[in-house]
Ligand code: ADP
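The form predicted alone is given below as one chain in structure tokens.
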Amino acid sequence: MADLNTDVRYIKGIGEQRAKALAKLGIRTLRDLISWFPRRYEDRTALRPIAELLPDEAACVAAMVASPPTVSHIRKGMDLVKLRAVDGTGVLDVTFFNQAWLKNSLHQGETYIFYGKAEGGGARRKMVSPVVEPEGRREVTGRIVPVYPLTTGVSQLTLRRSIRQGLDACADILPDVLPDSVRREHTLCHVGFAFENIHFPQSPEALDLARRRLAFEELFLFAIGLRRLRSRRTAVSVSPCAAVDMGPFHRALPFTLTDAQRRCIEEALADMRSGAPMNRLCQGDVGSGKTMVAAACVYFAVKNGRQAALMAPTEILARQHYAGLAPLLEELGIRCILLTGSTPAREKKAVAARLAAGDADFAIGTHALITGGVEYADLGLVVTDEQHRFGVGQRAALIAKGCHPHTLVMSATPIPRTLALILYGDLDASVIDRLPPGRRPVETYAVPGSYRPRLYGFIRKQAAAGRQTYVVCPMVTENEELPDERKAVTEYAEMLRTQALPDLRVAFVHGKMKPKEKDAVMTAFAAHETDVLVSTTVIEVGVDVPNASLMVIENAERFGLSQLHQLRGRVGRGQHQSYCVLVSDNRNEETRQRLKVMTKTTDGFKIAEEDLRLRGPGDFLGQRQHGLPGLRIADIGCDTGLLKEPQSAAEALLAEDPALKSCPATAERIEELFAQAADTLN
């Protein structure tokens, strides 16, 4: 008998070839298969007469083929099958592209169900490439039909048939991971009903019941898993840090910390004094001062006789942190070193020797900090910047360089509280919700492409005043089939250099360049050796250029709101008024609403909430990188009401049965889901 870890190729009706196609979607086991949930549904239950079909609205119609289908060979690779179908109200002219086999499958005088969008009016309509099947078959019509995410070589029909085979194969072996008491108390359907009706719903009501059950289950398991991760962490004992006079640190700063920064520092230092390893997220908008929170923690750790390390995702960001922190901390007696991939071998060896001997207190760098040859005398604090850009393995590797070191995760990507709870539920969170005084909000405008001549004039005006401009292109060219960031950026930069702005110094940077080339371009821009930098989102996390006062984002509709906000945060870092111009010719209502949000607020958390509402959670912070299981069905944007129910159920169960001895199926599933995240704590 199959179990849920059975390879899909052994499921009846699937076999080797179909299994290879399914593997492209990451479907390798029976569990993967039945958990590949539809992204939407099409209601193909109601039939409409031809005369009542509405233009551009998908609908089903039952019609008899009135004339034999004909095939026309238009050109190489293009065949048309045409037929006329009728019912008592009108005529439907149907055309199929490149489906010549239908000529012999559709027979005059027989009735078929056609599902598609109609064109035209009155009693004569047209339909192009509809779904079609004989009346009464009910495989692709006459029911609510799931629509799945696909990849090349996998059709909806293939996936539906495979999932049908999978559900049949596991009908008797699906374990119910929800305890009966929880299921009854929250009025949830049985697991078999849920899986059957999430894929092949008997009715809209059955679909709602199935979706609610599976979303509840997912959030329930997540809540328990996160609490167990947290308890595993707090169960570890470390020597509590002693109190330290922070006066010298505060006096060394050339500015006064905000109340929000002071609160975050106090929360972190309290963790470090507690006797359990700190595991804290410091979250705040671009420019809110997270780095100073990290600096205070480094000072505190080093004054307690421990070493600290800060890992940044790019070399240029590591160098920026070093340039900003080393002078401050060395004045306070803290010995700082920089270690990146481009550090010469001899210097790298010397740096590693200093760290191993305890002759360096604070290491700033990239993933070079975790290479095999680098050891620490007593690593007591690990800081990761822009955590979501690191994989679980990298974070774990740095933590493994010490013995249960305190960890501080910095993120400039604002995320809503509901989603933070899911993504960072195993971390304590500090939020810097105020910008330092004197920072002016970036004025933001959304304009159509016809404004470009005026925009180029504004870029010139900024350059004449000694300011600089970023221009961001999405990673596409006119050939959507072959995205090529190099071509998009280099062509745009060349157009600016030769046509639009020949009097200005224009440079470009993209993700396909070698790190040294990227760093050279960014460093030159920071040194004001160029006026305009054309880039992809590679600058989203980048060097601090206070002199940059204008951010132009082309095809702004292609970016999520949170990413637009991140990009906007590249300007407004100096004393000059800064601007962000969102260029888009896409005028549909959703795009207009999204861009309007950007023009109305600079509050990253409000923007993140709106982004979540409009787009859903998606992979909001690259959550797969955390080692936490991704959410397959619960939509945090829509399920905020449902979110509290499974959490309270999880808390109640753990209070009654912390080891989950009474529900082994629940415990086993949580172990499977959280295995990778748990590894980072071991």
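In this text, residue numbers run from 1 along the sequence as written. All values reported here derive from a predicted model rather than from experimental measurement.
Keep in mind that the form predicted in complex with this ligand is missing from the display, and what follows is about it.
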{"property": "Partner-proximal stretch of 586-594, 93-101, 156-164, 248-256 relative to this ligand in the predicted bound form, 4.5 angstroms, heavy atom", "result": "248-256"}
{"property": "Of 116, 179, 287, 142, the one that lies within 4.5 Å of this ligand in the predicted bound form (heavy atoms)", "result": "287"}
{"property": "The unique member of 436, 146, 474, 313 whose heavy atoms fall within 4.5 Å of this ligand in the predicted bound form", "result": "436"}
{"property": "This ligand contact in the predicted bound form: residue 602, any heavy atom under 4.5 Å", "result": "no"}
{"property": "In the predicted bound form, residue 261 touching this ligand (heavy atom, 4.5 Å)", "result": "yes"}
{"property": "Residue 89: touches this ligand in the predicted bound form, heavy atom cutoff 4.5 angstroms", "result": "no"}
{"property": "Contact flag, residue 537 vs this ligand in the predicted bound form, heavy atom cut 4.5 Å", "result": "no"}
